[in-house]
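What follows are structure tokens for two forms of the same protein chain, given separately as structure 1 and structure 2.
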Structure 1
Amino acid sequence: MNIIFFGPNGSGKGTQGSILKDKYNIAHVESGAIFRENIKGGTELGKKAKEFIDKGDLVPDEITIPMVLDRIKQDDCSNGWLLDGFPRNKVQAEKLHASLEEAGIKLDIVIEMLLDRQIAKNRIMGRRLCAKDNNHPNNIFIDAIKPDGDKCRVCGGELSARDDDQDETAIDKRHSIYYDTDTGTLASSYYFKDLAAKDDSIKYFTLAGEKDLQSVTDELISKL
């Protein structure tokens, strides 16, 4: 099962994505997380990516596209993958499509999480990452997933906030890229929506992201 999951930064697609990962036993490929691991590990890739990430800019396509296309051909993706954070612009969408065709890899599901930009911004600023699993949902502004004091509500792990989640200018830039329907992430989502309209074997559906976590999960499961 191969899935692309679109949604604005802060919409909760990482949390929902990890539910799909467990349901289908597939790899959760998060481009942002790959960059963060590289930054943490002090790699060359991490050093290059950091300057863009800190400002809320996209890491250039010549770095990002081969990185993700190689990643989905690794062994742990043989049972399927869920792409989260990629593609993020129209060029990435076209290259992904061409690469899948070339490799004979089938795309099964495309999900677009809908969420108002201001709500997404508030959610980003309240988001906290668990040191043990960054998909454990913790947000200081959402009652249902408030951390347990300063610890992860799921496992008690240490929590931290991402630097780019606390910088309003960086958040605004990330959202301007996401909501851009000409060349940005929504353009990329609509690229796959058009493909799905012509190809019955690809399922494309939207999810209402403003509901609480459990309701979004219920809608997701009912639409799969």
Structure 2
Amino acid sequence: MNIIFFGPNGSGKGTQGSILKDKYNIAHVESGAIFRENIKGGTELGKKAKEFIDKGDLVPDEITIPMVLDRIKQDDCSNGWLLDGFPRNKVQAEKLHASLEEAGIKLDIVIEMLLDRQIAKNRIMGRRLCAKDNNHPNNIFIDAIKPDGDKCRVCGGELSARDDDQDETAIDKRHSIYYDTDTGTLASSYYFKDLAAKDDSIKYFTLAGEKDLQSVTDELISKL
């Protein structure tokens, strides 16, 4: 089962991806981790990517897509993979699709997490980190995981907010890229949606991201 998962920052896409990884024994492939692994490992692609990153430039698709393909060809992806965080625009979607076909790699499912932009922003800015365990879920804007004042709802530890979670300008910039239906990330999602309408071997479905975590998980599992 090979999956591409789309969703804005704050939608819970990463959490759902981890759940699928454990349930179906597939690899959760995150684009950011691919860059880090290649750069840390000193691969040729990693060295080329680092040159662009060090200059503050975007890494060209001609480097990024081969990295993605190399990653999903690794042994832990033999049972399937879930690609998270790539593609981020329509051109990348077109190039990735062509590269997958050329490599003989089948794409089975594309998932789009639906979430209102303001709700997504609130979720990011409402995240709180527990000093004892960062995996303890706390968010001041989500009733189900709303902390008790400034204490972790799980263990009572001290809570804090990440600086980048409070940077509205940065959040708005990332969301402007994601919610762009002409050339941005949603445009890439819709590219695969159009493909699925013509090719019944690709399944495309949406999830209601405003629901609580368990409800989203239940909907996700039922649609797979």
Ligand code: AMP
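All figures in this text were calculated on a predicted structure; none of them were measured in a lab. If you superpose the two forms and keep the largest set of C-alpha atoms that fall within 1.5 Å, you have the rigid core. The first residue in the sequence of structure 1 is number 1, and each one after it adds one.
Here the chain appears twice, and structure 2 is the form predicted alone.
Once both forms are overlaid on the rigid core, the distance between the two CA positions of residue 37 between the two structures is 2 angstroms or more. Here residue 196 does not count as shifted, since its C-alpha moves by less than 2 Å between the two structures after the core is aligned. Superposition of the core reveals a Cα shift of 2 Å or more for residue 52 between the two structures. Relative displacement of the residue 161 Cα between the two structures on rigid core alignment is 5.5 Å. For residue 61, the Cα deviation between the two structures after core superposition amounts to 3.9 Å.
When the rigid core is fitted, residue 130 shows a C-alpha shift of 8.3 Å between the two structures.
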